[in-house]
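What follows is one chain in structure tokens, specifically the form predicted on its own.
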């Protein structure tokens, strides 16, 4: 079977780009060339090119892994997106990626792309842990490996902050306008956070750039949504069946997608609205809705589901007790939100529950469970604090927190061990090493920059979390789920 490398000989059942890729130049550098970008921003850009054209193809950059470049380069950047819903499966070929690079092996090409006059946007999906944020200060974390390396050698950046500050400095010295920095990660006020990160990094390495970044560089906020499971061998087999070609870069995702963007692009942008993107003056209420409802319930069901023996999200939703807890969490999270014009939170919760039930997506609870220390603050602790202020029930958030702390023990109820896959794994395991409820609770929630002080000092919150955690330790997670659901 031939490798996918052109748009020729594809079956009519496969949707193809409605434009000639060679006729469009590159205007975007994307950092974090993983499955989510390929399922989301690259798809919206493909739609924009088809409708409005323009030089908006993407130079995709991986900071460390050479795998994306190895997969995509022989395919001329082409790959298939397999959209799976309860009603069917559809494959389409995406051509918006002009090239795939790795900073470790293609450094010169990456630096050229970042400083090219035609680069107007640098977009980002490096996950929460990739930024090197100090959540307590809002600046850069000197203990983060990439931040530490780039602070010591800013002329040879390895990480996100160092790379962007270096590139902005180079552009300024050459008389080029700055690119727009577009974070597409699940961080609250991701534009503002990224801006503060770069300003703080520049204070340490390039003080002359602080005013420039503060006043001249745009950091629009975004909210992104599309469930994209980790790829397995079955994905590649399915791509072959659907396209008639070997596709080493194929990905699967749900049919649903959403992108809400603050419309602030001083040097231009693609017509992403052609793919359904929504441009608004303030993304924050949409962001809060998604982080608290979708992401928060995802984290809760991942920890409780994984520890109850469920491999996939769809298995969690097939468990009647866990399904009750998911709906209860969604209701509690929605109650912490202010009304949003044009949005019915109950309908959104119904849609989320159906998306989680999708029988064709193998979204692993263990995948969602990773990086909990980076996710819990905005997904669970933020709505818990708001519920505390509003006098609402803390129980769903306390249960989610207890399930996460129980997860940090690194073993299931039958003694099977697993890696936490968390940037603070050693600290978390040390904090919960006693595997005793009160001590583990105090140790984990006491880690710096994690849980808001107001929650950590609230007796009702602590008592609720400790109660759930004690029960999980004494009777098992599955039994605790059944008891709480009942």
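Quick caveat, the model's predicted, so the values are computed rather than measured. Positions refer to the first chain, counted from 1.
Below: the form predicted together with D-mannonic acid (CS2), not depicted.
The single contact residue among 310, 195, 144, 226, judged by any heavy atom lying within 4.5 Å of D-mannonic acid (CS2) in the model of the complex, is 226. Note on contacts: among 375, 292, 406, 269, the single residue with a heavy atom within 4.5 Å of D-mannonic acid (CS2) in the model of the complex is 375. Judged by heavy atoms within 4.5 Å of D-mannonic acid (CS2) in the model of the complex, the contact stretch among the candidates 152-160, 88-96, 197-205, 293-301 is 293-301. Highlighted residues 5, 231 and 245: none comes within 4.5 Å of D-mannonic acid (CS2) in the model of the complex, counting any heavy atom. The shortest heavy atom separation between residue 186 and D-mannonic acid (CS2) in the model of the complex is within 4.5 Å. In the model of the complex, none of the heavy atoms of residue 325 sits within 4.5 Å of a heavy atom of D-mannonic acid (CS2). For residue 250, no non-hydrogen atom is located within 4.5 Å of D-mannonic acid (CS2) in the model of the complex, even though that partner is not displayed. Among residues of the shown chain, residue 164 is not one whose heavy atoms approach D-mannonic acid (CS2) to within 4.5 Å in the model of the complex. Shown here without D-mannonic acid (CS2), the chain has 363, 367, 368, 375, 379 in 360-398 lying with a heavy atom within 4.5 Å of that partner in the model of the complex.
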